Structure formats: structure tokens, C-alpha cells
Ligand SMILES: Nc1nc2c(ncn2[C@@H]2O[C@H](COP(=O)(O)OP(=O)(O)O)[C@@H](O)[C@H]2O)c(=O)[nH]1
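Have a look below at one chain only, the form predicted alone, in C-alpha cells format.
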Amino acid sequence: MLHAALIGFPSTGKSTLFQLMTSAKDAPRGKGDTAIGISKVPDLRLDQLTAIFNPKKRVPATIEFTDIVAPGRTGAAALVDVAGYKNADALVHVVRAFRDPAVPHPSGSVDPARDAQAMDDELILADLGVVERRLERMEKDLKRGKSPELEKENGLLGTCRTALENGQPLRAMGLAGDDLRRLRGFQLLSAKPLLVVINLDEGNADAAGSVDAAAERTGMKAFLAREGMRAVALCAKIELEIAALEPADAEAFLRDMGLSESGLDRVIAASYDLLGYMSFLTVGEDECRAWSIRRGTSALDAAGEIHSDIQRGFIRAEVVGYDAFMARGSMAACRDSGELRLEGKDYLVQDGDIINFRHAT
């Protein structure tokens, strides 16, 4: 399952957002305590298909979120020692942009850009310690004899150390392929994709639907322009109000604010996309389901997500795009119009493809 970890300094609203996104009843209470919850990835396509097929079961894609009591400013060692951070596929940094006299900011003033940079500095410092220790060990190993793979790793880590010493997070280096594979085992924090959640106050809630507007008002424009991150803006106080409403009332509330979906749904969807995932769909009277796969996944590997037997006995994939299906209204009409295609095992699945796998039993 996809896994994202929430990070943030104290009094940012992080644990409140975690509870709202995952419907978790209890937040972590002590330093180092961890809470894990599952969020359903919002998908209007799955909703529409469920309404058409009226299946016995509707199964959305999911993400696992972890909320860990932040170590605050106690040092990079505290970050790197928390397994919930290291094992995450991505980090979600909740940044405080709201003012509330009843909840004093630990630093004495609200400055979102300062706090975002301070957390990035913590991640960078934690990674620098890991890289330097590994380079020290490798120096001894290289003296014992040459190893092409070890030399490549040494060169890569040397480049990473230089970037980290210059205050550059590894996610901004544009690493790919073998370089990413070599770094994977180190679970470096600043190499993970980062989603910044700007927690606005009610006076700026009208900017929640526009990251650009929120970034401009909070002074975060320069920070968010960096590579390897995305951002979502919301107001946790308003999200609490929305969560307490009936669905129809919540929809009307959002409409009045000029928003098509809640901030929580936007955080979940942005986390899913940030991780490089998309969904293909299967439909029928028994079940309508969204399946999580990485972008660029072949039809053969997508079949394996459903069951290894389907992958092993793969013959063909019957594929129709969601938009084409909705335009025609039924599989039979898509077949008659030629929009229901037969694809082979090397076909690259597209986001929103509706697929039925033909396979040998």
C-alpha cells in the first residue's frame, strides 16, 4: 500500500488533519507515538461507474497515512530515527499559516516560509549525517579493493553530500534510474517527494482553492517554486465544519466557497499523484474498483495487481477509456463503435482506463 507520513512542527494542525482524512479517533499523544490511518482516494469516475453498474461493492484506491508527534526543533537525529518517516514513500509537511491567540506559535510569530525552510533544513541535516557515515565506511571498503558498483555508489554519495552541504534537498537533484535505486536503501528523507499543506486562517480561506494565491499571501512563493514538491492550501477550521455536515450540506458549503472538493480530498489526491500513481478501473455487477498502479505500468503488470493467476494466464486486455465509456453509456455501445479495444501485454495502461482482462485458467 502507498504510504505517506505527515510531518510538521507543533501547533500546525497536523494531527487534526490526519484525524479528518483517516477518520482516526485517536491522535498520537507522546513524543514518538505513531498513528496510522487509511484514506480513500477521491475519484469521481468511480462514483459515476458505481451509479451506473450498482454493484454489490465499491472499492476505491487507498493511501496509508502516518502521523508522528513531531520532534520539533530537537535536532535532525530525532527525525532520522523515526521509522515512520524513513519508510514513507512521500512526506506531507503541514505548515502553519493561521494566527490564533489561543494557540501560540512556538517560535513566537507565524512565518510559513521560515517554518517550511526550517523543516527542510532538518531533513537535509539528517541526510547529511547518513551520507557522511556511509562515505566513511566506503572509504575503508574501497581501500581493500576496487569494485565498479561501489565506486559508482561512492561517486553518487559524494555528489549528494555536496548538494546537502549547499543546503539543497536531494529531491531537487532530479535523480532517476540507477541513481535512485542506489539511494533507496538509505531511506533519505530529503529525497522523498514532498507535499506542502498550507494551513490557512479563516481570513484567507478564500485562497484555499488556489495554491498560487495562498503562496502569494503567505510568502511561500519562492519556496514552493523548487523542484520535487507540490502544495495544497486549506483551512483546518473550515474542514472541521465541513466534516460535521451532511453530504448535501457540505457540497453546498463548498459551492458557496467556490470549491469543487474539500481540502482534505485535495490533500489525498495530491499525495496519490505526487507518488506517481494513477488508477485503472474494473466494473461489473459484483464490484466497481479503482486499482493503484504506477504511471507507465504495462497491461501485464496491471493484471498482476488484481491476481498473479490473471497475470500468468494473460491473453488480452479489453480496454475502453472512461470518457469514451461515459459518452456511449454501455460496454455494448463501446464495442459497437470500436472504442472497446483489445490490447496486448505491452500496452501502457492510461489513467482512467476501464479494463477487463482475458486470461487462461
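A quick note: this is a predicted structure, and the numbers were derived from the prediction, not measured. Numbering starts at 1 and runs along the sequence shown.
The same protein also exists as the form predicted together with this ligand; that form is not shown, yet it is the one meant from here on.
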query	finding
Single option in Asp249, Asp100, Glu132, Asp286 placed near this ligand in the predicted bound form, where near means a heavy atom within 4.5 Å	Asp100
Contact of Asn199 with this ligand in the predicted bound form (heavy atom, 4.5 Å)	yes
4.5 angstroms heavy atom contact with this ligand in the predicted bound form for Arg266	no
Leu281 within 4.5 Å of this ligand in the predicted bound form, heavy atoms	no
4.5 angstroms heavy atom contact with this ligand in the predicted bound form for Leu91	no
Location of this ligand contact in the predicted bound form, chosen stretch of 174 to 182, 214 to 222, 257 to 265, 235 to 243 [non-hydrogen atom, 4.5 Å]	235 to 243
Those residues of 239 to 261 which, in the predicted bound form, come within 4.5 Å of this ligand by heavy atom	none
